[in-house]
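Provided below as structure tokens are two forms of one protein chain, presented individually as structure 1 and structure 2.
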Structure 1
């Protein structure tokens, strides 16, 4: 019985990501699930999806953690090396798959993860301010 609930909850979380064009916080995901499961179950599902390389975690400039669906279906090895855009007006975070960050590391450093976030106004907010 517990397995069925977890499977239904995981499926529901995946559907939330399929419908979203932007990164979502835990709270935003929980609201869209309409109390299907508790917050701890959602955190466990998110951790599982991160470990399975289905989603990735993004730390916003204000420290808020959001999650976004990975778009790497044709790659054998998942490399998360794209930039994110954080809108200062609507606070949405968008993956910029075509923007590849670059950097030069000094010797004796090993990079395990990159969190490259640009901030400003997204196209929707920029157009609404014109």
Structure 2
């Protein structure tokens, strides 16, 4: 079995996630790291963190991709079935841990994963009277 290592770059990426309340894109992470490591290294760290179930990947409506820390629900099988909110004004993406959609599927489909993303105005931008 392959082991995983704690490197300076990985620690730095994790710190960036700890400090952020919202989901981050690869580019945003790169800027915050301030050239501590290569662009490619960040991609590989993100891949590892996803495999380790430390972060999860979010595909936004407009095609952009972001990453967010997982709230450790101590379950054996970790499914990200919570919703994400994408603000049209500030472009921040937040996890709505409490929002879980209910729905009725047609027969003959096997659902393994769901992605529920809402977009509009977040509380911050709504209050700013945009």
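Because the structure is a prediction, the values reported are computed rather than measured. Positions refer to the first chain, counted from 1. Throughout, rigid core stands for the largest set of C-alpha atoms superposing within 1.5 Å between the two forms.
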query	finding
Of structures 1 and 2, the one that is the form predicted alone	1
Core-aligned C-alpha movement of residue 34 between the two structures reaching 2 Å	no
Rigid core superposition, residue 21 Cα moves 2 angstroms or more between the two structures	no
Cα displacement of residue 102 between the two structures reaching 2 Å, rigid core superposed	yes
Per-residue C-alpha deviation between the two structures [residue 113; rigid core superposition; Å]	2.4
